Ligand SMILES: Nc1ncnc2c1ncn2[C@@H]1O[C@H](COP(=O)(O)OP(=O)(O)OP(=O)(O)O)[C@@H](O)[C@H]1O
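Only one chain is included here, represented as structure tokens and corresponding to the form predicted alone.
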């Protein structure tokens, strides 16, 4: 499955873009500020209904227009889908899949699984646990159709409980909600734990490929003491939670931790090593999806050359080639893409980006 055509109107500095894309590698070359990252952001928005850079849509719509529109054609061997998305300054969103209205944003994400590798993506390793929970939940969302239902209900119940903490005086007023919350927390945490364990050997093998000098280990922490009854924890922590105004312990505190030679990776690895580890994690998860669901994953790689030496760039290119995935790569110059091994016979495409204008370069 790949994005075969992309049309963009008034998205950041991209006025009017209409591209026929390769199902393999798509290279985007241009100076800083030319619009390369904006193109990746538009692809991500088309697949998720949101940006990976900003939560404020008015910053994404071109300054002299009232809305942006995105259109994509998604192609598979026996099926094609057309996807259209429009966002206005008033915050209204119009989404169509195969011309039909009323589809959910989650339907977009199911159609086009994406992994994003950016210089800011190191938060997966040195940021808070929420980034690593999102990493796990991405995999569960694409692998298990029922996960989104459990996850959404869990978030709703947690929000309701936190609001109720300011209003109730006795735990009995919360107990019925907490019984349901505890059931959902157990289901979501069990799914996260099983997925983390299934992904662990893939991660360790891929890390060995990129960072053979290090022993990378992973571990999942569910957010409360292993083996403890979460409903008891909610009851025992009621007064504390009421005092601070939110639920302090639970699946909303889960983490997926990484160590190098027994130490937290953020304490011992260089930025270059952290980027390689982040790439390894994204690749391992994408390849795991292919193995489990026979679904290809699309990779968006911004500033490919940043903090990677030529040898490591070649390793990354090799693994991406082997995955058979559709890949979008940005760079400032063509020289930075040498290790990506341009292969015209495989249909690779190169685009130049200048002041918001994108055009194919014939090799």
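The model shown is predicted, which means the values in this text are computed figures rather than measured ones. Numbering follows the first chain given and starts at 1.
There is also a form predicted together with this ligand; it is not shown, and the following applies to it.
Residue 67 falls outside the set of residues with a heavy atom inside 4.5 Å of this ligand in the predicted complex. Looking at residue 334, you'd find every heavy atom of it more than 4.5 angstroms from this ligand in the predicted complex. At a distance threshold of 4.5 angstroms between non-hydrogen atoms, residue 47 is out of contact with this ligand in the predicted complex. For the chain shown alone, residue 32 is a contact residue for this ligand in the predicted complex, at least one non-hydrogen atom being within 4.5 angstroms.
Residues 13, 36 and 59 are all found to lie within 4.5 Å of this ligand in the predicted complex, as judged by heavy atom distances. Interface residue among 319, 295, 313, 53, judged by heavy atoms within 4.5 Å of this ligand in the predicted complex: 53. Counting a residue when any of its non-hydrogen atoms is within 4.5 Å of this ligand in the predicted complex, the one hit in 63 to 80 is 63.
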